[in-house]
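The data below hold one chain only, encoded as structure tokens and taken in the form predicted alone.
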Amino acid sequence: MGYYTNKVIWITGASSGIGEALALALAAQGARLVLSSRRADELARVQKACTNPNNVKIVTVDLLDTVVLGAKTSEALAVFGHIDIMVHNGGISQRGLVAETSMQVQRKVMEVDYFSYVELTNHLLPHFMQRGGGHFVVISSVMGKIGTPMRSAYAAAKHALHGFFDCLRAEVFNKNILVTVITPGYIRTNVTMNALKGDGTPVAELGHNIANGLPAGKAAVQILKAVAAGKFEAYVGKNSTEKLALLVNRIAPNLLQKIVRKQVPK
């Protein structure tokens, strides 16, 4: 039996990209899954593609609909009677200069990428504490550690995740509740297709760096290794430049700022 065999794992944003890849990989390792996103038809497609689809259930969730997140948590818990691992993965990206990005977009990205994670965590945390254990897995981004032009809303939300979950990790460490924050670099998904421009319209094109990024299936393998090892935080990707940027930001942030300034559109 492997680490994930028979574990009950709830994945948000499971209808595509990293979430879908994690679902397929976890199902193959014998996990029992609760898959969530807004799109029931796409979740059904992922469910059908999983090993042993009978052990994969669907709970549709719109992360913007904060009023129902408590009820959705109860619904997810009722599927198999408990949850071992919560994978926070649902989200939206953004592409636009600060001066051209509306407050509506800033708030929407923060609501989906940060506040929904906090609210679902608050609803699920009592269950973990009552059971004497659990694991929160948070899919952040390299943008959660550094900031580059055209990403203000996205980077702000991802930075916030690191602060919140670092605090939570310290608070619940002695209660056998783990927190792993994943910082992916460029992963080959539709993230830029669905990203919001400053006016709220979708970018609707695949960025060059994303198109050449690490395949989502390979990202899932790296993520699951980090989670099984109980790591506090882990970079996922293939680009040595991303790793170097994280290192430079830590030891020479002024140098990184000089580099990223060159990325401002002319």
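Throughout, we count residues from 1 along the sequence that is shown. Note that the coordinates shown come from a computational prediction; the quantities given were computed from them, not determined experimentally.
Omitted here: the form predicted together with a small molecule. The next part is about that form.
Using a 4.5 Å cutoff between non-hydrogen atoms, Ala157 does not count as a contact of the small molecule in the predicted bound form.
A residue is said to contact a partner when one of its heavy atoms sits within 4.5 Å of a partner heavy atom; Asn190 meets this definition for the small molecule in the predicted bound form. Residue contact check for Gly185: one or more of its heavy atoms lie within 4.5 Å of the small molecule in the predicted bound form. Heavy atoms of Ala28 never reach within 4.5 Å of the small molecule in the predicted bound form, leaving it off the interface.
The stretch among 96-104, 76-84, 172-180, 133-141 whose residues place heavy atoms within 4.5 Å of the small molecule in the predicted bound form is 133-141.
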